[in-house]
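Take a look at this single chain in structure tokens; it is the form predicted alone.
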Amino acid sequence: MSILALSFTLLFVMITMLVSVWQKLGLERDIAVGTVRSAVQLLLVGYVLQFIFNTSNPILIALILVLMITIASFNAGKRGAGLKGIVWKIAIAITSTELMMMGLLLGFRIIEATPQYIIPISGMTIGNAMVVSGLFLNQMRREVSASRGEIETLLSLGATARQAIQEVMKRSVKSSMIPTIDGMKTVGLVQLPGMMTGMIVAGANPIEAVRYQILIVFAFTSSAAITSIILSLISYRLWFTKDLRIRLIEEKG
């Protein structure tokens, strides 16, 4: 794709901004900032990845993965603002998921141990884990608030913090998994996923593209479940004070 052809895609952004002005939505500034940021960020990432792919330095690969996990953890942590140490809990959950997924993929030689495979697949896995973490925390906030009476009753009857909040954790884990499960049910029918589409556009055999997409779908589902379960197990105590009173947090945008 030429630079000229790419520049024409700005027409989509302009149309969106005009619609925002017409409907008085007030989104013009956010759209403009988002457009510039996304373009600059993607270009920078492109040059960085090109350099890493050419050098294949394992230290640089590790640094990229650490940066991805750090940004993902802080972003998802916004959903748990008010819970002390939640960012670290999310980082542990995402890191555990990433190590497990990469360990299986590389250990069974499903993918090659090269930056071209490790970084993109890790990026998708970490990104999916970030979304699931945010969904889990959002649902936990709602569930804890709605089930406050139930939790306090269980505590008064002698239940431990884990026992009192167990059902709330289960419902939150299930809720955080819904988008991933729905995506599995409709993949290929409602949408052609990004990796598969990109490979086909690049000229790859559609069957080969489908195989890689199946890998990603299965990895997404597994990583979503692992992240949500680990995060629930290591963070549930944050919803209580030291004297086992419920800690409620406000919703963040």
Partner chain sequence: MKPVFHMQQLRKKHEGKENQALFANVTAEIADPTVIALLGVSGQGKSTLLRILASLEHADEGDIGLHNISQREMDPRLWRMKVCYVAQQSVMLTGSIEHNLKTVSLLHRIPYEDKLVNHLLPRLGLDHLDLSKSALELSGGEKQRISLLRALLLHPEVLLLDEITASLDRSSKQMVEQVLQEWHQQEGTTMIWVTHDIEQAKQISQTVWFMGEGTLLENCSTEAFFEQPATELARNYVQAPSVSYKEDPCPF
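Positions refer to the first chain, counted from 1. Source: prediction; values computed, not measured.
Below: the form predicted in complex with its partner chain, not depicted.
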Task: Heavy atom within 4.5 Å of its partner chain in the model of the complex - residue from I119, I92, L105, L155 - done: L155
Open item on the list: Check E150 for me: does it contact its partner chain in the model of the complex (non-hydrogen atoms, 4.5 angstroms)?
Closed with: yes
Open item on the list: Residue-level question: is T160 within 4.5 Å of its partner chain in the model of the complex, judged on heavy atoms?
Closed with: yes
TODO: Would you check, heavy atoms only and a 4.5 Å threshold, whether L244 touches its partner chain in the model of the complex?
DONE: yes
Open item on the list: Looking at 173-181, 67-75, 82-90, 141-149, which stretch has residues with any non-hydrogen atom within 4.5 Å of its partner chain in the model of the complex?
Closed with: 141-149
